[in-house]
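The data below hold one chain only, encoded as structure tokens and taken in the form predicted alone.
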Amino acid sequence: MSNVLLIHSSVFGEKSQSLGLARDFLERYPHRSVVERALSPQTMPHLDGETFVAMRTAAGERTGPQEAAVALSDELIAELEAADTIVLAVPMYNFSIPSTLKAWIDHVARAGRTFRYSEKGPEGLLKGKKVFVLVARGGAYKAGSPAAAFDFQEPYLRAVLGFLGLDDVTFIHLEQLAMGQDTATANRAKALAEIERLTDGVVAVAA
């Protein structure tokens, strides 16, 4: 049974298609606990200069204000380290991810904590975890589709998660939500069928 970290970043909150799909997933995925982190401009500030410098300063050398500046980053990384499974609910905005999710990544991508540089190059430190990414988008962007080249969502997430050592990543796509209700409904059914396949139809029971 997994300890799950759920990260969601839609501007529509509980009405979000990606979050709804993530909740459908968690109903079927066996887990012990869920820590939920809702990203918004109020809860997930973008990096500023003070925080950036504090994150690059050794713990024993930080000033009081620097410790305060890095506190959120420490909290977010602790959530990642404690999780066995990470579930990301990600809408596509302008062919990429929400800026709040990018801010979260900027806070958790820290040398010496989630990755390090060695003689062999960069090494991710968040190893041995499963990641499921539930993506919702208005068009069709899968490989082979006319708009596939505009998908800067999945390639970026695979790259940055892999950089942190998170290389066991499964994407579940809910596409063509802006192509009419019938198409959206049909594609939601396909996404749910994929969830059923991945979870073998097991209904999650929280311990």
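Because the structure is a prediction, the values reported are computed rather than measured. All residue numbers are counted from 1 along the displayed sequence.
Note that the form predicted together with a small molecule isn't included here; everything after this is about it.
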Taking 4.5 angstroms as the heavy atom distance cut-off, pick the stretch from 84-92, 71-79, 103-111, 116-124 that is near the small molecule in the predicted complex. 84-92
Can you pick the one in A54, V169, A38, L177 that has a heavy atom within 4.5 Å of the small molecule in the predicted complex? L177
Answer yes if any heavy atom of A136 is within 4.5 Å of a heavy atom of the small molecule in the predicted complex; otherwise answer no. yes
Given that the small molecule is not shown alongside this chain, does Y29 nevertheless sit within 4.5 Å of it in the predicted complex, heavy atom to heavy atom? no
